[in-house]
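Form predicted alone, single chain, as structure tokens, below.
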Amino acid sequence: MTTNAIIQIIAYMAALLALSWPLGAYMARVFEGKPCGLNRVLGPVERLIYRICGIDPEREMDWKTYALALLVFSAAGIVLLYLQQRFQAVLPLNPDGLPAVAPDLALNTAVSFSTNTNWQNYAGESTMSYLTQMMGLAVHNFISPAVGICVLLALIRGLTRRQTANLGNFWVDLLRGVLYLLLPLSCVLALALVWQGAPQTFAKAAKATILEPAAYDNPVTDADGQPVKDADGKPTTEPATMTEQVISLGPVASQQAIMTLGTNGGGFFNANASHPFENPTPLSNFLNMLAILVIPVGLLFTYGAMVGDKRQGRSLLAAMGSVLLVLLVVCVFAEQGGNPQFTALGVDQQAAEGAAAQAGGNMEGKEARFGVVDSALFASVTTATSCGAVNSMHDSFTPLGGLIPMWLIQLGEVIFGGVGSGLYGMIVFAIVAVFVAGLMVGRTPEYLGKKIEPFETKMASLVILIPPFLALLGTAAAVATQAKTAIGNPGAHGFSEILYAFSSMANNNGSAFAGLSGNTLFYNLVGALAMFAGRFWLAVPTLAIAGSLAAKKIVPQGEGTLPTHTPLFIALLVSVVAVVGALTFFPALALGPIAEHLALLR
């Protein structure tokens, strides 16, 4: 690893910690209902919304009522977003006259954005109107991370309260998460991105006449926008000539801000954060990477404050941070090492790439303004969370470089993970680690003074096992059917494309290996099911754990209690996360990126 890479990583980590610590303290005050500074301005707005919606902020819910409110709210969001896409052709703010979105694609997108996945089987600039982008996708970019925070808050209350059924009020938690946290931060980041060159406009797409007309094969689609195939199942094309370039514009900066802050990842453009309008400069890239992790890391400090023991938050931060740092270093090494087949041919990749590549390496699929290190850092950060935004093409990474983002997703999106969802996932892993320690050395299975009994263990097993089950089942179904014709590459890399896709959807990440043509009936419908189950089949068992823990007494610590803030527990927790991820996915990874890496070495 070069000195340049080390400096960039250290600078990023230092800036992240410097921002997340005060943000964590601020969030603790917000969610505990204490004065936070903004309450003087936003307090009247909050109370007005309560009156309009008929919400009693003092009325608390048990876990079943909390879960029901979450599911009803999310289902309504899916239906409304689906209808908006289907009728966007007749709705306003559609200056380019974009048609209605196809039914299966509209369903996939609606589920995707409501589950904080933001998987995109379409090009945003040529599929979604400005109204759909703002009132549909961007609105879900706010409410879906807020829902993740709600589940986390309910679990924290379950750990801190005793002998009660009350876990708070879903509507209050949801509103405070949006009003006091996501909206203010998004406004600040959006202004910074506009300053760096991201457009924020309602003007229609600009057109420029190109100097040299180019001939190309244009894919033929039917009335629903689906590709027309010939008798052999191959997409049909027709000759066409390009004489002008369409330069899409729109309210980009505002969507980019919440895309990263909410760990959503759904970009305004098909090229996502590699597009020069979404991510114009190295500074905007640095701000985007900070935005992806600042709330998930800040929530760890919030967790320590709310449970009354800051060491608990720091121990989880150490566990998550150590895994991310190790895997990040491997990814940077793999990408800076370049393609071994080029080396065998005598090609000096570092000299060929020059300064733009920041000491060279594998620059395929990467932007010259970011280089290898920032691309590997962005890829690791976005897959350690549930963001899924990309500033480079993961499909073009080296086999080992691409394995790292894929495995970070497959670990369960708990190495910081999504806003709220990553931390409650890691707390569930901590519960399992405590239970495992009790089995191994006879320690009392307790976590923060609450006994861990069979019910909590069963619910935790569901949370941990459902995502890999969905990912591997979806991959097997795709490989075993004609859906595998959607991959752009044969062999191990094509398998990696499918495995990455279902790992991403089942774990609510949203990034992809780009060689997969996902806009088909199979991937739209099966993917929607995987995303829905990967979100709500985890949230509901987590709320069940919260309800069970809240009803218990606090057990005083004794000689048999396992401390959960020590280096020993941190090592145990990391081991449990790594072993579950390795045992579950190693056979599949061996058929994909590992086999491809070994083939490159021949």
Partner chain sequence: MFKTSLSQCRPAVVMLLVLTVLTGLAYPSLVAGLAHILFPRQAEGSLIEKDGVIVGSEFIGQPFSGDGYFWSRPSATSPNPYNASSSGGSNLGPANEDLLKSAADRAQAFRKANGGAQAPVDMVTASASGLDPHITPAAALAQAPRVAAGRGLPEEAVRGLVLSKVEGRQLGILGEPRVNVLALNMALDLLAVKK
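All values derive from a computational prediction rather than experimental measurement. C-alpha atoms forming the largest set that superposes within 1.5 Å between two forms make up the rigid core. Positions refer to the first chain, counted from 1.
Quick note: we don't show the form predicted in complex with its partner chain, though the next part is all about it.
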{"query": "Contact check for 83, 227 and 461 against its partner chain in the model of the complex, heavy atom at 4.5 Å", "finding": "no"}
{"query": "Residue contact check: residue 40 to its partner chain in the model of the complex, 4.5 Å heavy atom", "finding": "no"}
{"query": "Residue 162, heavy atom within 4.5 angstroms of its partner chain in the model of the complex", "finding": "no"}
{"query": "Exercise: residue 239 in contact with its partner chain in the model of the complex, heavy atom 4.5 Å", "finding": "no"}
{"query": "Distance check, residue 403 to its partner chain in the model of the complex, heavy atom within 4.5 Å", "finding": "no"}
{"query": "Its partner chain in the model of the complex: contacting segment from 322-330, 514-522, 448-456, 113-121, heavy atom within 4.5 Å", "finding": "514-522"}
{"query": "Option touching its partner chain, based on a heavy atom within 4.5 Å in the model of the complex, out of 129, 392, 288, 380", "finding": "392"}
{"query": "Contacting member of 277, 435, 301, 495, with respect to its partner chain in the model of the complex [4.5 Å, heavy atom]", "finding": "277"}
{"query": "Within 257-293, the residues that have a heavy atom no more than 4.5 Å from its partner chain in the model of the complex", "finding": "257, 258, 269, 270, 271, 274, 275, 276, 277, 280, 281, 282, 283, 286"}
{"query": "Threshold 2 Å Cα movement between the shown form and the other one at residue 454, rigid core reference", "finding": "no"}
{"query": "Residue 243: Cα shift of 2 Å or greater between the shown form and the other one (core-aligned)", "finding": "yes"}
